[in-house]
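Before any questions on binding or motion, here is one chain by itself as structure tokens, the form predicted on its own.
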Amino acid sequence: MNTYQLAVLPGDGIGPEVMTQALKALSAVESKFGFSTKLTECYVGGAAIDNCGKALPAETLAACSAADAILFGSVGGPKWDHLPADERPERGALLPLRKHFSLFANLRPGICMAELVEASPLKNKIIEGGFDILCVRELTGGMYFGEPKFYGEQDGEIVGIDTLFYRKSEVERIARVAFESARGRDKRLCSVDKANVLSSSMMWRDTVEEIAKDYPDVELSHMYVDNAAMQLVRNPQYFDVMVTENTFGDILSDEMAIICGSLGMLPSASLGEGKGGDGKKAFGMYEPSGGSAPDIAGLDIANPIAQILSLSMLLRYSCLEAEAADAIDLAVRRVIASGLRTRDLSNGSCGEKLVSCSEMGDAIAAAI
């Protein structure tokens, strides 16, 4: 029997309650597919600040280093906004984890199921039948990590400085992940940049064009980021796989999530070297993309599906338990098809049944 070491970091806000539902699904697939996991639960983010004095304690980092993968909840909230920027949960925990483990490739699948077309803010005729987009975001470069970075007084005036910096090698490796992903789907890749203005984007586009020569079976297109943001709401079915830099990907993937019906539906995988799923396990951190939602924390109304689907991605890429991952994905589809909806997905239509966070977790575990 295969046994996997997992670091479980529930975090803040709705993180602990949606994590509980993901672990129900994990228990169900363990029983069904004959593997086991050893879980080490750790503080991270605001919870770690409150209990350990810093957002990423040494013991949490050690547990992550010893694990096969990290299942992450969410961090942050107004409670910690008074802290210096580098000590807040996001900058103090999330970014350092990505950087420490060189988790450079962020995969965010945006799937609008046919049953959830009504939940999308887009007109039904635009997304008839739903859509399926994969956003591949470079995660360890760009403005979030570039130097110099400064907020203070300069020449007698307050200034803010962030540096958009990329090495060609960083673009090459994320481009290859994107081309490989497209090759396994509909063989269409759209690279998103701002090459009409930014030097970093000019280099990005030239590099992606070079890598494209190794993938003649993949159709490559380019799009400026402002146009990409417009096309996501005008014609999302145009996209199959998109690849872009850190900041653009952060914004576009959230837009992609909401047109899918809810941020609560969008999982993500942040991977290091090795894509996983191809016979080679990839170390990664897996998390929902919707944030900590402190306004609804503790009310048992959050949507746990993004956290559950993040577990599915963990099993697929870091454990190579594809059958278990498929079972979770299918269970989510079956539950949605049956009419169960958390509050964020409900539009009051006939046939819907409004359920709590824990009831949705129970239903998905039962469907597995």
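Computed from a predicted structure; not experimentally measured. The first residue of the shown sequence is 1; numbering continues from there.
Form predicted together with nicotinamide-adenine-dinucleotide: not shown, discussed below.
Partner contact region in the predicted bound form: 300-308, out of 35-43, 51-59, 323-331, 300-308, criterion any non-hydrogen atom within 4.5 Å of nicotinamide-adenine-dinucleotide. The closest heavy atom approach of Asp344 to nicotinamide-adenine-dinucleotide in the predicted bound form falls within 4.5 Å. Within this chain, Asp295 lines the site of nicotinamide-adenine-dinucleotide in the predicted bound form, having a heavy atom no more than 4.5 Å away. For the chain shown alone, Pro267 is not a contact residue for nicotinamide-adenine-dinucleotide in the predicted bound form, no non-hydrogen atom being within 4.5 angstroms. Contact check for Ile127: no non-hydrogen atom falls within 4.5 Å of nicotinamide-adenine-dinucleotide in the predicted bound form. Three-residue candidate spot Ile14, Gly77 and Leu94; every residue lies within 4.5 angstroms of nicotinamide-adenine-dinucleotide in the predicted bound form by at least one non-hydrogen atom. Here is the short version: of Leu263, Val117, Met203, Met223, the single residue with a heavy atom within 4.5 Å of nicotinamide-adenine-dinucleotide in the predicted bound form is Leu263. The contact residue chosen from Glu90, Glu180, Asp162, Glu170 relative to nicotinamide-adenine-dinucleotide in the predicted bound form is Glu90, the criterion being a non-hydrogen atom within 4.5 angstroms.
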